[in-house]
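Starting off, we have a lone chain in the form predicted alone, written out as structure tokens.
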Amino acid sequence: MIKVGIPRSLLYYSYFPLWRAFFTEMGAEVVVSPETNKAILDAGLRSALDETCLPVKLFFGHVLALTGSVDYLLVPRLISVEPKAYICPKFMGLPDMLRARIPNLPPLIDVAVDFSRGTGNWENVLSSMGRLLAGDRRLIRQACRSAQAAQSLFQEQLEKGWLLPEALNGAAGERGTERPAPPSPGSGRLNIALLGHDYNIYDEYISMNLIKRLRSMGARVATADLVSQAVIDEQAGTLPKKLFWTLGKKMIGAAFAFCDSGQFDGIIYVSSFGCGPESLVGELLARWVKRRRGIPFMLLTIDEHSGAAGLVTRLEAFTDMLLRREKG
């Protein structure tokens, strides 16, 4: 059986159900790299260029964790997933960066994902991937349907604020392959909106268990995944100019929706050091959140040198301030 490796990093947190369902239906065994740990991060730091951001360095580490144990590595050339909008430029060049820096790589499934002109779709992308593994058109069509159904279910469950374990684990029940569910409402005293790219806030190692720490401090946490794409598009459309970074638009649209709901005591935005689009989005959010609702806003920047002690101190100060504000 062919083994297809999927690094547990970057857009794994957005499209893993799609990819896993597709390759499983194609008859391949899907192998996911282990959860992030110090060894994986250190390996990525040694292999990637110093100038790259933390998530890309971490991606290198997850690729290295799979190298030598799979027949193919899934590293799509992600350019655009919606018309007239784009993903980070580094995502476009990931296959080339890996080939330049890591020797003895397995063959890469590096099909381009480019919907910027409004003509591309996931069925075409998946079909191109499928032709690398088999020539059976009927099997490929069935795999495409299964993959898109799995992704639709995943997205529906995200917006409802809960996930069934079966949505990601399936019958195999492999521990650790599931994406952490967006936090559901609890009994906390504070409502905090936590914004940031999925691969930053859901990776417990590089986020230093941020969600769990906030909950332990008496906060109910909501993420951008709870906001539908239609609402994100509507809210982001209130900007004077269109933001053509898909991931940045998600953060801004969700932040505006949270602000307008009037239900949140504070907003935290997690950014990775060295990310150009995030530096712009963070500044926009800080200004617009204050202007729209005057909600307290905190920017957390993470990199490979970030430590838990500093994070905890800032979180404690932020939540204490929110509690005093609530009482006053």
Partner chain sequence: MKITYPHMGNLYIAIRALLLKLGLDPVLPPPTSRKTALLGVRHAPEFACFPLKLNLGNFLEAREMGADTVLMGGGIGPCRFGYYAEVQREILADLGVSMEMVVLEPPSGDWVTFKTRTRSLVGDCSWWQVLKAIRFAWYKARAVDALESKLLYLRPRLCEPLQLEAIYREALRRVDMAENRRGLDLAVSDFLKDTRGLPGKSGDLLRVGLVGEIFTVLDPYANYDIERHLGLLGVEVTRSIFLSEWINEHLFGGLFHVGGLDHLKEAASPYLNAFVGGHGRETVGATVHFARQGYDGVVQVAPFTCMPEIVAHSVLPAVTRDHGIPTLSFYLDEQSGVAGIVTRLEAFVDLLEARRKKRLKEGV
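Positions refer to the first chain, counted from 1. Quantities reported herein were computed from a predicted structural model and do not represent experimental measurements.
The same protein also has a form predicted together with its partner chain, omitted here; what follows describes it.
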### Query
Can you pick the stretch from 273-281, 258-266, 62-70, 35-43 whose heavy atoms fall within 4.5 Å of its partner chain in the predicted bound form?
273-281
#### Entry: Full three-residue contact with its partner chain in the predicted bound form, heavy atom 4.5 Å, for 3, 131 and 156
no
### Task
Check whether residue 101 has any heavy atom within 4.5 Å of a heavy atom of its partner chain in the predicted bound form, and answer yes or no.
yes
### Query
Even though its partner chain is not shown here, does residue 96 get within 4.5 Å of it in the predicted bound form, heavy atoms only?
yes
#### Entry: its partner chain contact at residue 242 in the predicted bound form, heavy atom, 4.5 Å
yes
### Query
Heavy atoms within 4.5 Å of its partner chain in the predicted bound form: does residue 107 have any?
no
### Message
Between 221, 140, 88, 232, only one gets a heavy atom within 4.5 angstroms of its partner chain in the predicted bound form; which residue is that?
### Response
88
## Note on the structure
Picking from 226, 217, 92, 208, the single residue whose non-hydrogen atoms come within 4.5 angstroms of its partner chain in the predicted bound form is 92
### Summary
Of the residues spanning 24-57, the ones with some heavy atom within 4.5 Å of its partner chain in the predicted bound form are 49, 51, 52
